[in-house]
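Laid out below as structure tokens are two forms of one and the same protein chain, each shown alone and named structure 1 and structure 2.
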Structure 1
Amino acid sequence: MSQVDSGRAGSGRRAPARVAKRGTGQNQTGAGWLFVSPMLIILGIFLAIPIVMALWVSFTDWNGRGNPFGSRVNFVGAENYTSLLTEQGLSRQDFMLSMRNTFYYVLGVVPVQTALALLLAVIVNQKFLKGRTFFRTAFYFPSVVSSVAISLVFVYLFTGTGAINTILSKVGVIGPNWLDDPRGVIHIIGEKVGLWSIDAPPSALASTEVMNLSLWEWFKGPSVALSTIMIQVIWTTAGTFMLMFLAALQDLPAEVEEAAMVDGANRRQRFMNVTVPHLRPTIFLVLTLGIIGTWQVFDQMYVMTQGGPAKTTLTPAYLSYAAAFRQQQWGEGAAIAFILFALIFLLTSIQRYLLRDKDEVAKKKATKAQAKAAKAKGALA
């Protein structure tokens, strides 16, 4: 037999093997889809379909009664969105108040809870600390308890005659009515140092309006009531993020820190130049979860203040609930939810860009440049 015939015979014998492998791969793909199909169906029914329905409701005047896809429901287009963002009125004013409140809430909670969680993680990670397991459990315990239960406890602690004011009175300090005080912290500080009077604000700030609120209202700062809720949230969530930082610290190679010690780096230098760079992914995760959680805050406002006093604890999530379930304006409530989703997505994208690994980005760019150069060189050849 010639070499050509031998080659043809060999190729004829190998062909069925290829067909069998291709059939095996298709069977495996089908089996994979079969195994994941129950979860895909569940996600579709309880996640994807409700999101699509809510998006449709945000473009209608549905009042919560009957079928949102029925003929009695009117399609109003972007009217629910424009009433919140551009049109003068109570809806826009309340939405801007909720945005201002949540801005100060995020600004006050996220950095403090991140720094506190990192500090606690560093403390309980020390080998010389006795009872580390106890302290880890104690710091994490508030995160396990229901947020509603903790909120109720804080309501009793921060009432006018509660435990906090009782303790303050022992040292000669008269505490405020914490959860009933609408005054802004920045306004109070400015009055204490003599910059202005809360009852007679500067005319330039009081007369200039931006998005339905005066500059005096925008620069009010968190109210005393909102500051109380911020304290409660920081105390509750720091333990969860502490565990994340603790896991990252325990994953830090000991030889790296030992090499820094051999090079003469002190404790602060080792922490800033060795530990913190190693914690970059965890810091990004904690900040992302913190931003998402704080912009979605609802439980504490619902239990402790109901958006008061004077709407200083009103948030987009609570406003969405109030518009839908109390005022029966489900289209406006759904619109607030989707605006909040877009805002959170934008903020997390910006954060992702700012906290990106610049060395990794530079390496990817260099790899792409080398690939282009090699491709161009091959084309010329």
Structure 2
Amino acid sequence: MSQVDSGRAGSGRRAPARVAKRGTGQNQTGAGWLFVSPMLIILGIFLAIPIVMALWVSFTDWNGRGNPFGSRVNFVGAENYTSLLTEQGLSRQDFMLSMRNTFYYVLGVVPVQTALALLLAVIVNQKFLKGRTFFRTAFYFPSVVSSVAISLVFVYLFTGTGAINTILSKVGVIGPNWLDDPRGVIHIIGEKVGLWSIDAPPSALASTEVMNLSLWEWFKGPSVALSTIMIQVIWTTAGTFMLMFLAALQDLPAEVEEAAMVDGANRRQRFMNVTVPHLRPTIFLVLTLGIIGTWQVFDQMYVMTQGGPAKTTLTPAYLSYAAAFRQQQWGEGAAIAFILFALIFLLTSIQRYLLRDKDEVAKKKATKAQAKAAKAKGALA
């Protein structure tokens, strides 16, 4: 770096401006590549190349011993993928369990955290409120704390005799053993309303198998243990998304709201017809980030449950880790990672597509509305 530096400094000082300029243009190629080289090296060695290596491993039967690229490792074709997706067996069963769990997890966490974040943002954004900074800080703080530390706190809060169950017992509810309870939430609700008994599930559901899991298992809902983790994640991440909503709310021009007020729109109308359309891009962003984030959930499972009880908190990310690092089935672990990668890619692509569409529609609507408003104004004048 110093070479480039001194060389240019020397030539620049003596040469007239025009030459210096040309010199700069030449040197920028060298300097440019020099400047990006640490990034290229680190991301190349620890990101790009490893992905290719893992792709190779996902087509082998490497067991963790020796060199995964040596001659003693067998190429097994797509076997690791087919055993997860199309063949009867324990691998597929575990993978399907993890997909089911995460599906319910995403379905529960994403809408609730988005709604809670929006609610918190709207509350904190109230102009009359005193100490807004304090509340904003309080709601955001969990987002910056280590997920490991938060997990420990929640394990304690939700333990059988912990704070949550103590509070519940004060209002006459006997709380479950949250993180040790594998019962599915839909199963429990069904039993409560008399649809079925968990101990004797309806045979039509229990005996029909789809992808190695009975329908009864598929429709289990998140287990109580997984729901506990969902509560924790919603509580933790809502603060981050609250900040995004807050930024968007503060971008809303005051004149627009005032105009709506002058037009006689009440508070609810103003919120639904002015604020929400303005927030639409942010809502989509939050949903996208939420979906990307939730499909990757790993830390909580690693710290709190290790996939249990009864595999009801198993997720693809944790399963991939456990298959490789615990069971030494590296090919299978890598295959799970790539399937997860493809899935997240697919979901975000769909969402991008929808977002783009909605944006265009919204824009068209906005221009139409503007034209109408202009017309109305003209008529008034």
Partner chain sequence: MSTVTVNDGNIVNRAGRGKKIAVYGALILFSLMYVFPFFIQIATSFKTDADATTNPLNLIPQPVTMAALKRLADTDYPLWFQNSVTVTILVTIGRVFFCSLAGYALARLKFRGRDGVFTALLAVMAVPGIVLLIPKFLVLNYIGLYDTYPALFVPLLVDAAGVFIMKQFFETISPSMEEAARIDGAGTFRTFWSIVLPMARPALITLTILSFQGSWNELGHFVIAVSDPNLYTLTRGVGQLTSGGLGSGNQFPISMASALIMTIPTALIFIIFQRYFTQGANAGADKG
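Basically, rigid core = biggest C-alpha set you can superpose within 1.5 Å across the two forms. By convention here, residues take numbers in order along the sequence of structure 1, the first being 1. From a predicted model like this one, the values you see are computed outputs, not experimental measurements.
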property: Which of the two shown is the form predicted alone; result: 1
property: After fitting the core, G194 CA displacement of 2 Å or more between structure 1 and structure 2; result: no
property: K127 C-alpha shift between structure 1 and structure 2 of 2 Å or more, rigid core reference; result: no
property: Threshold 2 Å Cα movement between structure 1 and structure 2 at S37, rigid core reference; result: yes
property: After superposing on the core, C-alpha shift for G66 between structure 1 and structure 2 in angstrom; result: 2.8
